[in-house]
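Listed next as structure tokens is one chain, alone, in the form predicted on its own.
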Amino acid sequence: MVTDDLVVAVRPSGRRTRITTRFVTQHTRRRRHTPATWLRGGGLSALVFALPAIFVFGWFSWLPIVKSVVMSFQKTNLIVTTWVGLANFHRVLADPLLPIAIRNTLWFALLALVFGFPVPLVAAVLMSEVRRWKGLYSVLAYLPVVIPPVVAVLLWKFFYTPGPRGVFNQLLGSVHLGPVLWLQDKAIVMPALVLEATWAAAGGTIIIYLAALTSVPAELYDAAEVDGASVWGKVWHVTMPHLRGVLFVTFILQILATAQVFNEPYLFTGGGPSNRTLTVLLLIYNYAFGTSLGGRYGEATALSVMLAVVLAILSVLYFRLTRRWSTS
């Protein structure tokens, strides 16, 4: 037991008065965790029940990761394996296609953030203000997510058909524009891919934002309306502060997803025209399967490991830099 005395001098009417306040702090003894207490607390039975899930997760998740890291130091055709050390990493870094793939991936990620990140937020805010048919709008917004990604890309590839008979070109022709070579023009092929990717992925983010908006107290909107705030003022001063944590999470998730884009470049253009849509993941695929079965698996896994390390470092730095902003 620890006792501290605080002495306060007070002088009412010229007289000194001594006031003593006693603070008592009791140090309770913490319970020590030992193997015996762990067993008595049911730790062994919990471990036995968790072992099957741990085994399945480790076998199908962590074991392939460990094997990929080991393979990045090997030259193999999956039958004959030779240890080559860092040679795979040197060959990947010396590949002239790597800077092109990195530049295209960054360009795709930038376009997806500039155009694709605000769209779900604006749509969720507008849908939250709708008084009727809110459930129908939510279903329509989420419908693209239900469509298999390959089917969605092939559907949009049909829409992007060049010439006046393409769906989008027919729409442009109705206002005397076009036709546009959507997937053949080097200047617009990447925005065309971003447009489809935004349409396909926005629904899930909209649902997340709608769920977060339900936690905003209605009294805050009423108070803002009494203060004369406009619709934009209510969104900026009430809605956005409550969505701050969700926005920080969805932002980093979108960066990680766009850095690993594969379906759109592979199914739309195969990396063309003139490598304008060659991304890092598509380059990894080309290393492993682009030439023939039994290709450059060591280089493919080496580039995969480098990409994973870069994304892990980026995630750690992002969460450290935004920890205070996302919780304040």
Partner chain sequence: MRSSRTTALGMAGALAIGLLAACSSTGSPTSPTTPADAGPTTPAAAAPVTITVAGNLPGASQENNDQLDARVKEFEAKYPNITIQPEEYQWLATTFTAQLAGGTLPTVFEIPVTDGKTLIENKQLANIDAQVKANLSYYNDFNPAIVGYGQDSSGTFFAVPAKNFYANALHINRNLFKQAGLDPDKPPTTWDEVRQDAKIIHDKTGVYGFGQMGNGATGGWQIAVDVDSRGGALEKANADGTYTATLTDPAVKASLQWLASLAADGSIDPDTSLDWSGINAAFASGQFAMFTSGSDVYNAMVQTNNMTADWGYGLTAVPTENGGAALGGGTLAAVKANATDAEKDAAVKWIDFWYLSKLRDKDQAVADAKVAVAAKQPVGTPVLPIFSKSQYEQSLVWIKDYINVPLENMKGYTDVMFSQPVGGEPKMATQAVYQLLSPVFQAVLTDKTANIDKLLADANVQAQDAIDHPAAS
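Numbering follows the first chain given and starts at 1. Rigid core here is just the name for the largest C-alpha set that superposes within 1.5 Å across the two forms. Worth saying up front: this structure is predicted, and the values here are computed from it rather than measured.
The same protein has a further form, the form predicted in complex with the partner chain, not shown here; the description that follows concerns it.
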Open item on the list: Is it the case that L181, even though its partner is missing from this view, gets within 4.5 Å of the partner chain in the model of the complex, heavy atoms only?
Closed with: yes
Open item on the list: With the partner left out here, check for me: in the model of the complex, does some heavy atom of Q260 sit within 4.5 Å of the partner chain?
Closed with: no
- [ ] Please check if N77 has a heavy atom lying within 4.5 Å of any heavy atom of the partner chain in the model of the complex.
- [x] yes
Open item on the list: Please tell me whether any heavy atom belonging to L51 falls inside 4.5 Å of a heavy atom of the partner chain, as the geometry stands in the model of the complex.
Closed with: yes
Task: Interface residue in the model of the complex among H237, K134, R103, K157, criterion: non-hydrogen atom within 4.5 angstroms of the partner chain - done: K157
Task: Residue stretch of 161-169, 109-117, 207-215, 124-132 approaching the partner chain in the model of the complex, non-hydrogen atom distance within 4.5 Å - done: 161-169
- [ ] Sequence order please: the residues of 297-321 with a heavy atom within 4.5 Å of the partner chain in the model of the complex.
- [x] Y297
Open item on the list: If I superpose the two forms on their rigid core, does the C-alpha of G43 end up displaced by 2 Å or more between the shown form and the other one?
Closed with: yes
